[in-house]
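Only one chain is included here, represented as structure tokens and corresponding to the form predicted on its own.
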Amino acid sequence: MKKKWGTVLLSTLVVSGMSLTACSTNKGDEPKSTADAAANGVSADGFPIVKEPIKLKMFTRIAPTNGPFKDMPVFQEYEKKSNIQVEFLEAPTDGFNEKKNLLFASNELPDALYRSGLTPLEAIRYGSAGQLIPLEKLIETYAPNLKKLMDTYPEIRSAITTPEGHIYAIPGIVTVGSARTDKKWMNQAWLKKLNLKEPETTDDLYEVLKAFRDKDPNGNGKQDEIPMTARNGLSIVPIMGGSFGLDFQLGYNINLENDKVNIWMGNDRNKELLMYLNKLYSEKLLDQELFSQKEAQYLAKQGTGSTGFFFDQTNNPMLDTKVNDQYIGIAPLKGPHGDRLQLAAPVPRDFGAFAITSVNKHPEATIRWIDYFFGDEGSTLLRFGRQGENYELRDGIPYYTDAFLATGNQSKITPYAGGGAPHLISEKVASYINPPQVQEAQKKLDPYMPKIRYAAPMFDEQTAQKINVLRNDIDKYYEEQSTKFIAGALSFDKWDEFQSTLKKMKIDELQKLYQDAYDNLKKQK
């Protein structure tokens, strides 16, 4: 059974107590000129990257499923190609953040950080202190793959550029749509048995779910079907929010309307969504374990065939089970006002996946080294290893060979297993996470994908602290009250009070801070 290699979310670091006085570099160090780079034997294109071999030290996180990086074919082959030998300083996921903090606190820096999970605040803090170098000029000259992606998807640049206009860290980049969405998996066997059509609207869905609940579609004579379930708690809000006109721009509960930021938590559309979910929950059409189940329970339900409608990025939990063909993807449901937006993660993912430090004597060669993995060839090598040994091409798309799959060693040969690796995930390298059943499901979502989905912007440290204070109270209150609204523990007669409390918690001030950040992003284009 295929394993789902989800992104590992690295927790926010607590670094405020650490001193940066040990820094010996100057603020905003600029990389050397192109002429200097040429004189040092660094080519602007082609391979090898450098005429004379060089060595770089990179600090990296190693996931439990990984093997040693030095044994991975991608780095063995790339050393021959690039003339650059990389010594990886590996730290396990547990304790990685603490070790990373110590590097900066002691100023004992490697040449670069790989799969480093830098937070935006860390990138700004260490970049402003001169421990990380700005990359924007290096990218222009020595990173054609990255530059092309940033020109094609402007949301990448806006997600990684500081308010002062610097780029201190590079993310992972996901252009394949199926890796950015949760599919809407509908039990087609039940639809067929009950002579029902795929639902097109939220009203249609309500009727289908009632039939699933009442008409024994699994045929066992028991009312044990789960008409609809979701991962847990308020994950159901973004899943269904698009049908009610609710978007998730700038990494938050935000609609962008004519360049105006609108935090929608207190507006009427959100009220309509919560009322709809409350109706499903109160009539036992929505899983009664929604607010209590663990991830493993949710995944197990996907593989049993006893669920009518659920959401997941892949079909992994259904594979190798009798229900593999029981489900199909459906299109987003049209809501009461005609909205049909599909939630999709931003193209830039895994912020802070790669950065270059100020002790690095070869920044041009280093940016060229990482740029390779943002092109098709480098990304294929990273994810699939050696052609013939680890993978084969079918119609130009790499697939692991059956013999190699049988070894179960996929996660040993690639740093992408475990998440957070700096590279491109495109349709050309995503066969393992984008099989035909998932592709078919994604086709129904594609027409409703957002034209652009801005990731969370980078705030300066002072603004970030203000936002953290505001969101700490507002988000907690919103989550608690929304859960109560859906579960029926709080009457919608209290909606005005809910709105009033959000105002008292200064939601307007929070909206103004996001508006300022968005205006700044627009100026940078």
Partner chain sequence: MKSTAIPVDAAPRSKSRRLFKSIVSRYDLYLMLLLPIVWYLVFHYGPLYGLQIAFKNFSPAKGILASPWVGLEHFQRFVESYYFWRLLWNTVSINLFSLLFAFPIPILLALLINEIRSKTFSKIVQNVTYIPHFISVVVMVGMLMLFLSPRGGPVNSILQAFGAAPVRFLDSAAWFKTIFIGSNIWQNMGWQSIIYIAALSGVNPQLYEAAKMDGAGRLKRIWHVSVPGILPVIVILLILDVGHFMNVGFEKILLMQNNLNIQSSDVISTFVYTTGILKGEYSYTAAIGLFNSVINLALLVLVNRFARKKAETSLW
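Positions refer to the first chain, counted from 1. Small disclaimer: the values here were computed from a predicted structure and weren't measured.
Missing here is the form predicted in complex with the partner chain; even so, the following discussion is about that form.
The partner chain is not shown here, and in the predicted complex it never comes within 4.5 Å of any heavy atom of Gln499.
In the predicted complex, the partner chain stays beyond 4.5 Å of every heavy atom belonging to Ala300. Remark: Phe248 does not count among the residues lining the partner chain in the predicted complex, judged by a heavy atom distance of 4.5 Å or less. In the predicted complex, the partner chain stays beyond 4.5 Å of every heavy atom belonging to Thr65. For the options Ser235, Gln288, Gln76, Thr152, the one in contact with the partner chain in the predicted complex, meaning a heavy atom within 4.5 Å, is Gln288. In summary, among the residues Leu102, Ile452, Met275, Ala403, the only one with a non-hydrogen atom within 4.5 Å of the partner chain in the predicted complex is Leu102.
Although the partner chain is omitted here, in the predicted complex none of Lys57, Asp395 and Ile397 has a heavy atom within 4.5 Å of it.
With the partner left out here, the partner chain still marks one of 160-168, 105-113, 437-445, 211-219 in the predicted complex; by a 4.5 Å heavy atom cut-off that stretch is 105-113. Of the residues in 442-478, those that come within 4.5 Å of the partner chain in the predicted complex through at least one heavy atom are, in sequence order, Gln465, Asn468, Val469, Asn472, Asp473, Lys476, Tyr477.
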